[in-house]
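Given next, in structure tokens, is a single chain: the form predicted alone.
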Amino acid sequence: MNVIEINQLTKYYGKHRGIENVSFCVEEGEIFGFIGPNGAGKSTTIRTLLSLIYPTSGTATIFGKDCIKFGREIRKDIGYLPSEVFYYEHMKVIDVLKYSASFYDHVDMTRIDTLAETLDLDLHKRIDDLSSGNKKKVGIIQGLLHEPKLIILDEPTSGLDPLMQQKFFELIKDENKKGATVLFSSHILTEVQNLCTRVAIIKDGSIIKVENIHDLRENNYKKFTIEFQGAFDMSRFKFAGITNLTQEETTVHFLFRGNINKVINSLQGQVLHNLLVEEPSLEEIFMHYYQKED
């Protein structure tokens, strides 16, 4: 069953493109990554899903229901963390969270205390006394306090220190194990790589690729680093399957898709100092897709 289904979703702001013909699905119980640089269309897609803005064309459903027609009903089962959070500065944290809880039925108020303890957040401080990282913690608790079936995270770790980021990831994994589906939007590729099972790559408002992260990393590409002893012939690497080719003095780096024996055979007669073949990072694969589109 698909919790989210997006079909040809398009949003224009006057003559300016927001997103165009975006299509992908998020399956029940998965953590789905949505990656692209700032301005690529991630937040526009999410805001349209939440019916905070209306699409120019296309459709989107959550829990099988149209996001526009049933927006109020759907949102009761969604936890949303925007990329930036803003609150009434003079309120205490606990008052903000109690106010948020009042919008939902049957919220276990002890959950607020548990989440605050996990994130090391003082509930009795005023909002204007909090750092940006602690304000982000308020947003995390606000998004999770009602135990939502779907968690939508838009650049969730900005402002969090590395230790707190790790606690946050563990918290999201725990919620997922309990049955929550997660849509995780980020431009920080290592986060998506370590947390998600599938990923959609967006550029300039359009989806470039939707694929299993394991397939992206394990099956498609190998990363070669070849260090030569003395002079070498760069023309040996002018064949299909090689991308992201760079040269640093006597060292060559590239990604290769295909039978690696083709690369090995091309090295015959050359004197090597070192040869390293490894799995590329998601970031290197991501940049490959962007360069290929360009």
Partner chain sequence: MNILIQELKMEWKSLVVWCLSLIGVLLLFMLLYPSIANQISDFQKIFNSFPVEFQRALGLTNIEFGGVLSFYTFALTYILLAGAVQAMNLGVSVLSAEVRDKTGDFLFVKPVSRIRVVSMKMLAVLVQILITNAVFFLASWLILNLLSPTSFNIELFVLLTGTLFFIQIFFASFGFFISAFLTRIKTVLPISMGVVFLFYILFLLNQTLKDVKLSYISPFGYFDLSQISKNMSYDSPYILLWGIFVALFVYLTCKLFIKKDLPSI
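Note that the structure is predicted; figures quoted are calculated from it, not measured. Numbering follows the first chain given and starts at 1.
Below, we turn to the form predicted in complex with the partner chain, even though it does not appear here.
- For residue 169, no non-hydrogen atom is located within 4.5 Å of the partner chain in the predicted bound form, even though that partner is not displayed.
- Although the partner is absent from this view, residue 75 contacts the partner chain in the predicted bound form, with a non-hydrogen atom inside 4.5 angstroms.
- Heavy atoms of residue 96 reach within 4.5 Å of the partner chain in the predicted bound form, making it an interface residue.
- Contact check for residue 165: every heavy atom lies farther than 4.5 Å from the partner chain in the predicted bound form.
- Taking 52, 245, 260, 267 one by one, only a single residue has any non-hydrogen atom within 4.5 Å of the partner chain in the predicted bound form, and it is 52.
- Of the stretches 171 to 179, 156 to 164, 96 to 104, 189 to 197, only 96 to 104 has residues with a heavy atom within 4.5 Å of the partner chain in the predicted bound form.
- Taken together, the three residues 47, 84 and 88 all come within 4.5 Å of the partner chain in the predicted bound form, as judged by their closest heavy atom.
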